[in-house]
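Coming up is one lone chain in structure tokens, specifically the form predicted on its own.
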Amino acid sequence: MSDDWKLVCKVEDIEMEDLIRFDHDDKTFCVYRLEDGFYATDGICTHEAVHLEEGLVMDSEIECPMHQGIFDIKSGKAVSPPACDDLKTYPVKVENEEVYININ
């Protein structure tokens, strides 16, 4: 496994339709567990630089806890104002019941 893949948590650590925050160096990520798998995005809202970890996950979207901007988790696309800049997304894989994110 290349050094780009970082262990985030065990599968059981993220409930369905929820997320976990993952910090690496000076960057924050969010890893989500949806019905069809695991996904990852930047962990900071592009509108006001707020952590998304306290946001609401619903129907494959994350709602920012500050101004309720909404992003599509799978694509990172900003789908509701005031969010207008998309989140970056990252590959995720599961091996041996552990969740990994590719940070590059």
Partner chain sequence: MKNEHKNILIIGGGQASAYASQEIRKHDSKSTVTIVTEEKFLPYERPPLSKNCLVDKRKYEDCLFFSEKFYDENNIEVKKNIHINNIDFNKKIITGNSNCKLSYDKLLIATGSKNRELEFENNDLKNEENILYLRNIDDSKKINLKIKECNNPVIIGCGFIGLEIAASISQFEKKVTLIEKSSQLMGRVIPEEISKLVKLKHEQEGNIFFLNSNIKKIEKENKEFVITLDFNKEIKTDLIIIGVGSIPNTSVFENSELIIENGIKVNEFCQSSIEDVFAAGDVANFYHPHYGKYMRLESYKHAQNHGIFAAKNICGLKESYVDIPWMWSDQFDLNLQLSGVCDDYDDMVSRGKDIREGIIYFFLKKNIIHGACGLAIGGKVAKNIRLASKLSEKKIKISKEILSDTSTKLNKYL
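In this text, all values refer to a predicted model and were calculated from it rather than measured experimentally. Positions refer to the first chain, counted from 1.
One more form of this protein exists, namely the form predicted together with its partner chain; it is left out here, but the text below deals with it.
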Pick from Ser60, Ser75, Gln68, Thr28: which has a non-hydrogen atom within 4.5 Å of its partner chain in the model of the complex?
Gln68
Consider Gly55 of the chain shown here, and say whether it contacts its partner chain in the model of the complex, taking contact as heavy atoms within 4.5 Å.
yes
Is there a heavy atom of Glu12 no more than 4.5 Å from a heavy atom of its partner chain in the model of the complex?
no
Are any of the heavy atoms in Asp18 no more than 4.5 Å from a heavy atom of its partner chain in the model of the complex?
yes
Hey, in the model of the complex, does His47 get a heavy atom within 4.5 angstroms of its partner chain?
yes
Relative to its partner chain in the model of the complex, which residues of 69 to 86 have a heavy atom no more than 4.5 Å away?
Pro81, Pro82
